[in-house]
Every structure is written in C-alpha cells, then in structure tokens.
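Take a look at this single chain in structure tokens; it is the form predicted alone.
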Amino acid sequence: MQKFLSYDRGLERFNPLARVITYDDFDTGFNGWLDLTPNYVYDNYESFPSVVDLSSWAPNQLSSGAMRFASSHGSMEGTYSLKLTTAPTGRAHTEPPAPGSMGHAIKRLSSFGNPSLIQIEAWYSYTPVQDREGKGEEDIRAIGFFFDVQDPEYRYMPGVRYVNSLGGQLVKKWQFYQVGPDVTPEDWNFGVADGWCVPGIDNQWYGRRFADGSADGYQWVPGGEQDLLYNESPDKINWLYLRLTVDVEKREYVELQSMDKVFDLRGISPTLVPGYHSIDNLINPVFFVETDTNRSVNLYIDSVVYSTE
C-alpha cells in the first residue's frame, strides 16, 4: 500500500515550525478556545479577592461578522471566526481594567514532544461595535497575545500587546511582556499589600499603568511603531497576520511578526517566577482585546496555528 502525506490547504497562509500541534479554523467550531475565568474554589464558588473583577469578561462567540450596514462579512476564508468582545466599560488607562473592559480566549494545552521553540500564528481583525457615527479606531485600546508556560522550574508569560489608542489618542506601538525593575507585589496588586498575584503573572490585568502607556508589566518593543491596517468605518474588516516565536529552552523571545514587519526580540526574556503547584508542562495560548472608551470593541480571529520545533 502506498501512503501519501497531505496538508490542509489553509496552512498555506501560515509559516509553521516543524510540528503543527493544532490548526484551528473556526468554521469547524470553537476548537477548545474558551473564556478565561478565575478559580471558583472558595465558599459559594467565589474566587479569590482581587482589585480587578476577573469574572466579568464577556463570553467568546462564533461570529459571521454581522454589521449594521454590511450584513455579514463571514471570515477571511469561510463563514465563522472566533469573536472576542468587551462590555462598553472604558476607564482611564492609568487605572486597573474596568469590569468587562476586556475579552479573552484561551486554549488549555500541555507541552508535547519536548519542544525547544513554540510559535503561534493567527489571522485576525479588530473593530468597535457599529453603534455610532465615526471611524471608531480610537475606541480600541489594545489587542494582544501571550503564552502561559510552566516548565519544571518556572512559570512565565511571553507575550505581546499592540497599544492602539490611549484616552482617544492613537498610539500604534507594540509592547512585550516583561516586568520592570523594582516592581513589588504591592505595586503589582494595585496597592494591596497581601495581594495574591506574583509580578510577572497575568500582566494583562495587573501592574501599574502610566500616562505614557508604559506599565509595570509591559516594555516597549524597540522600533515597535506600526500603523496597522484599519479601514474607514467599523463595518470594514481587513484580515491581518500575527506570529510570535518563543525559545522555551532559553526562556527567551525570538521574533514577533506583524503583517510583513518582523521584530527581532532575541536575548529578551519574559519574567520568570517559581512554578505554581500542579501545573507543570503547561502551555496555554491566550488572545485578548481591550476597550479604551464606553464602547464595546471586538477582536475577530479567523484561524490559528500553534506549532513547535
């Protein structure tokens, strides 16, 4: 019997590493991507106390990209994309995230094959809800992605964040996950002396945020200015490419590619913290979106490839 090896044609729009672990086209369903929720393990299924309301994020949806005037876009290729959304609950960017002001999607995975490199790729788009006149680009604060990794020694979160707008002013610059020097647990937990979260974990929620867009948990990518494609009204979706590669042997970043622009991040490390109990060999990819105003905003993900080498 003669055997043939074939690949899904959709992989042609990606540049995966040697081994494709998951290829998720949301025309086939959620594919294991779900909402990011806290640990409901206390009395009456309460979660641990936190300055940030971790139970308020909106649920993810399979979306055909319906708009007020454009009917349904469908996805980049097909009908459905994964839609992350926020509530219309903006707050000053120097404050902790407001309840409902972010949307998250996580895929809960474990390490496989003892990889040295891990990589995420996605085609995505972002837009506010088409509920008012105007372009709406300034209402989208940020979009981002990170890996939640734990090996036998450390837990760490290599990730990137595109700061699109702050206080209604367009910024359009990339950041990477890394805690700045001399950040204390009290700083990280917004002044709570005995806060539960360790600096370097959950940067998208914790750490002080400053007027210029810098933060305890984020550093600016060198040369990270990039004017991403955003069309002339909220009902016009354009699909963009994202790739982040991480060296899990060295515990360092490798590259961020956004559209055709590649940022060399070699030699930069995410913040390492002692491993948490019972989650050894964790590798969870996470996407998120943030609103900057009292307006719901959306991140649409057409398809995702997670690969290793």
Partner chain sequence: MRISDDFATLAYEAGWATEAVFFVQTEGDHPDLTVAVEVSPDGVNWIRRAGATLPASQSLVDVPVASFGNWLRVVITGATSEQPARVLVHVNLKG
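Positions refer to the first chain, counted from 1. Small disclaimer: the values here were computed from a predicted structure and weren't measured.
Note that the form predicted in complex with the partner chain isn't included here; everything after this is about it.
J.: Going by heavy atom distances of 4.5 angstroms or less, which of A66, L34, V273, V51 would be at the interface with the partner chain in the model of the complex?
T.: Going through each option in turn, the one that passes is A66.
J.: By the heavy atom within 4.5 Å rule, which residue out of W239, Y162, Y80, W205 makes contact with the partner chain in the model of the complex?
T.: Only one option qualifies, and that one is Y80.
J.: Choose one stretch from 143 to 151, 126 to 134, 107 to 115, 189 to 197: the one whose residues place a heavy atom within 4.5 angstroms of the partner chain in the model of the complex.
T.: Looking at the partner contacts, the answer comes out as 126 to 134.
J.: Within a 4.5 Å heavy atom cut-off, is N281 in contact with the partner chain in the model of the complex?
T.: Answer no; every heavy atom of N281 is more than 4.5 Å from the partner chain in the model of the complex.
J.: Indicate whether the partner chain has at least one heavy atom within 4.5 Å of a heavy atom of T245 in the model of the complex.
T.: T245 lies outside the contact set for the partner chain.
J.: Although the partner chain is absent from this view, report whether F30 comes within 4.5 Å of it in the model of the complex, heavy atoms only.
T.: It does: once the partner chain is placed as it appears in the model of the complex, F30 has a heavy atom within 4.5 Å of it.
J.: With heavy atoms only and a cut-off of 4.5 Å, decide whether P88 touches the partner chain in the model of the complex.
T.: Yes, P88 sits close enough to the partner chain in the model of the complex that at least one of its heavy atoms falls within 4.5 Å.
J.: Just to make sure I understand: among 174 to 200, which residues lie within 4.5 Å of the partner chain in the model of the complex, judging by heavy atoms?
T.: Going through 174 to 200 in order - heavy atoms within 4.5 Å of the partner chain in the model of the complex - there are no hits.
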